[in-house]
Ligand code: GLA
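A single chain, nothing else alongside it, follows as structure tokens in the form predicted alone.
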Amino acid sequence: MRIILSLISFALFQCAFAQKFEGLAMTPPMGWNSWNTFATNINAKLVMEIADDMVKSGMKDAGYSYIVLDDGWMAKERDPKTGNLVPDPEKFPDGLEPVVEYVHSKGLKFGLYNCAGTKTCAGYPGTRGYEYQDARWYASMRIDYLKYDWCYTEGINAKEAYATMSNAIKVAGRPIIFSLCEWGSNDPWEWAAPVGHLWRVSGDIYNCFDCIKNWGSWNSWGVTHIIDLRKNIRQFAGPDHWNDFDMMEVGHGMSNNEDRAHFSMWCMLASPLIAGNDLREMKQETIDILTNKEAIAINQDKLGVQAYLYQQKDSIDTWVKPLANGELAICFMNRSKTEQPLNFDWKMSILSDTVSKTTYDFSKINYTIKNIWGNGTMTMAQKSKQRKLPDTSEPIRLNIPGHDVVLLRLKPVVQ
């Protein structure tokens, strides 16, 4: 009985006092993950080529830094002598060290995947019972990022499991970003801020704009479904603790309009920007979206506030993201497949946010407007007056293409 009580007390202690390495993710992490495109079909050559293309494409210069290998990087069994994880000898014949070194030599950072359960989702060795040993091994491999999944966890307490791994990373001594991936099943936004740097808020994303993919016993979610599912937990996000809306599907089968809308909303929601496409085969349109520095600046804004839904009118959603220095971003998202008119009268709208304690009253302060993508079609009346967007002294009238957005950055005019 004493042993049981001691174990319970230890678990509660870990949940209450788990402390991650602070300050590693003051803005949402940016990088690439292998799962969306490659699943378990990964190898050393792929990783090195992805690192090359992250640099060559301009993604590194735009702020992307992490290359994360998801499920399938390890052998089916642990080392029988040491109990350590073993990289798959066919996929990584020289081990992981040369791969990690190559990624680091490019000025990038390297991440791995494992699971809180006894197995990973694809059936490889999980970490349950090996937390401190695995953390030491990650530190010895110079890992910078750990994505930690939630398969094969029957009977396991989520808070205890993630707190244990968080403590193990801290004890191992190497600063590692800790990404909780338990699909929002246990409301991690309510307890995970001391434990990790980001936490998944839903099941897996699917490369569609507004569908739900049924796999039989579970579902994957299109872009708008994930947005709708977790639009009311924004108060839990901020610097060093982010709501993770999952890896992006930009450049992985959706239309250019949908990719732009998807990326814009991840920027507005202050979600980690983790690409999931094949960087080696990107079209220029995809590169242009993923490397748009003005959109990225909205995501990386130091205030760290997640956008809120201001209004839904017809098929257009209006999202507002307060930014530092009194600025703000506004995203008008067209859910319809067809072009829709936007008529937004700034002076009739007072935008107040209880989370960031900000208010924007356009009847009192004028703002200049920057159209981040330069898209949207002006009405003929506007074209006759000027070929640029007006400031907030007059309404904005645009036609937004189907499944697309108009993303704006507003800056107060100094009198």
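When you see a residue number, it is the position in the sequence shown, counting from 1. Quantities reported herein were computed from a predicted structural model and do not represent experimental measurements.
One more form of this protein exists, namely the form predicted together with ligand GLA; it is left out here, but the text below deals with it.
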Let me know the one among 131, 204, 317, 301 whose heavy atoms come within 4.5 Å of ligand GLA in the model of the complex, would you? 204
If we test each of 172, 289, 121, 100 for a heavy atom within 4.5 Å of ligand GLA in the model of the complex, the one that passes is 121
Could you tell me which stretch in 67 to 75, 330 to 338, 92 to 100, 188 to 196 has residues with non-hydrogen atoms within 4.5 Å of ligand GLA in the model of the complex? 67 to 75
Answer yes if any heavy atom of residue 183 is within 4.5 Å of a heavy atom of ligand GLA in the model of the complex; otherwise answer no. yes
Contact between residue 147 and ligand GLA in the model of the complex at 4.5 Å, heavy atoms? yes
Would residue 200 show up as a contact with ligand GLA in the model of the complex if we use heavy atoms at 4.5 Å? yes
Non-hydrogen atom contact residue 346 with ligand GLA in the model of the complex at 4.5 angstroms: no
Using a 4.5 Å cut-off on any heavy atom, which residues of 94 to 119 would contact ligand GLA in the model of the complex? 113
